[in-house]
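In the block that follows, a single chain appears as structure tokens, in the form predicted alone.
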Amino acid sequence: MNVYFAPLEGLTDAIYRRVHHATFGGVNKYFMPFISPSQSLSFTSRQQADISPRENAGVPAVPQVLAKNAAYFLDMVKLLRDAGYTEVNLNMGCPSGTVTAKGKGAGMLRDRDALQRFLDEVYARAALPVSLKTRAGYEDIREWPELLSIFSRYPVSEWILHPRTCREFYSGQPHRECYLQALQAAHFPVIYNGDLFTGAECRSFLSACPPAPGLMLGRGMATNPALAQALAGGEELTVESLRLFHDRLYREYLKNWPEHAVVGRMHGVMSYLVQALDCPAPARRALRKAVSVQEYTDAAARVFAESELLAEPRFTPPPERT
């Protein structure tokens, strides 16, 4: 059974992937936050660093591409092939309004005729195996049977399915019956993604879906970075291993980024890690208020010194908007 680390924008960059891979085991693939090609195929300096084979050396990293133009996508695949990558993931699952408004991500599921024309061209000409990450519909789950029929026709290398619609975003419960139907219908591996935040939840899901070839975990792994390792039979998370991961990551960012950017990034990292801890309120407040490197260093040390690991570290989604 494979475990994949989902791409989390603003978090799982190349430095994060390298440090996680060096600290914990169990992750079979790390998916990169998506790149969205234009006609010029140009990159920002941050994107160049993130997809650089040198920056990802030794890490089983998979580039993810967001595109609705087949020609742009295919040109990007060639660049990634020439850089040494052996597969590409096509993102048709991002539900962000700024993405779907452009007809990208989960927005591609809205027009099934256009979707098929895109996939026809991609799978006829792609220079690398192409996996998919999708939702189970755009507006309504009643779209699912047609989408299942469409995706099952293509030589997909792997299908990562988040069984919610785009409109559902992350609210309500995933439609896990869609995943079971995909397992039965598809002639390629189908990986499950969606609302598995603890080891107990992952094991319960796998016992209910014994044919499942793998899981993609994101926010649960960002909270408990030893989650994949524990699922593979390795050591569970401890305060010591959590601090080791944090400290290694912090040092690497300080080597490579300006100090103000490091503090901002580490606040994002700790917004997940602190959910694994029973952390006293004063220590949390000190961390939240830290602005300078010295303030952050002192506050983070206090968090780890004064906290205990929760019995079942778990990411807690923010309250749903009403």
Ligand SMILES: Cc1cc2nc3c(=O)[nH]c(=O)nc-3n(C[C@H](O)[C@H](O)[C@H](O)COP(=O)(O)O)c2cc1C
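It should be emphasised that the depicted structure is a prediction, and the values quoted were computed from it without experimental measurement. When you see a residue number, it is the position in the sequence shown, counting from 1.
Missing here is the form predicted in complex with this ligand; even so, the following discussion is about that form.
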Would you kindly say which of 30, 296, 272, 253 lies with a heavy atom within 4.5 Å of this ligand in the model of the complex? 272
Answer key: of 99, 109, 88, 216, within 4.5 Å of this ligand in the model of the complex (heavy atoms) is 216
Looking at the partner-bound form in the model of the complex, is residue 64 within 4.5 Å of this ligand by any heavy atom? yes
May I ask you to state whether residue 3 is within 4.5 Å of this ligand in the model of the complex, using heavy atom distances? no
Contact of residue 199 with this ligand in the model of the complex (heavy atom, 4.5 Å): no
Is the gap between residue 170 and this ligand in the model of the complex 4.5 Å or less for some heavy atom pair? yes
Given 48 to 56, 273 to 281, 288 to 296, 33 to 41, the stretch touching this ligand in the model of the complex at heavy atoms within 4.5 Å is 33 to 41
Need the contact residues for 98 to 133: heavy atom within 4.5 Å of this ligand in the model of the complex, sequence order, or none if there are none. 133
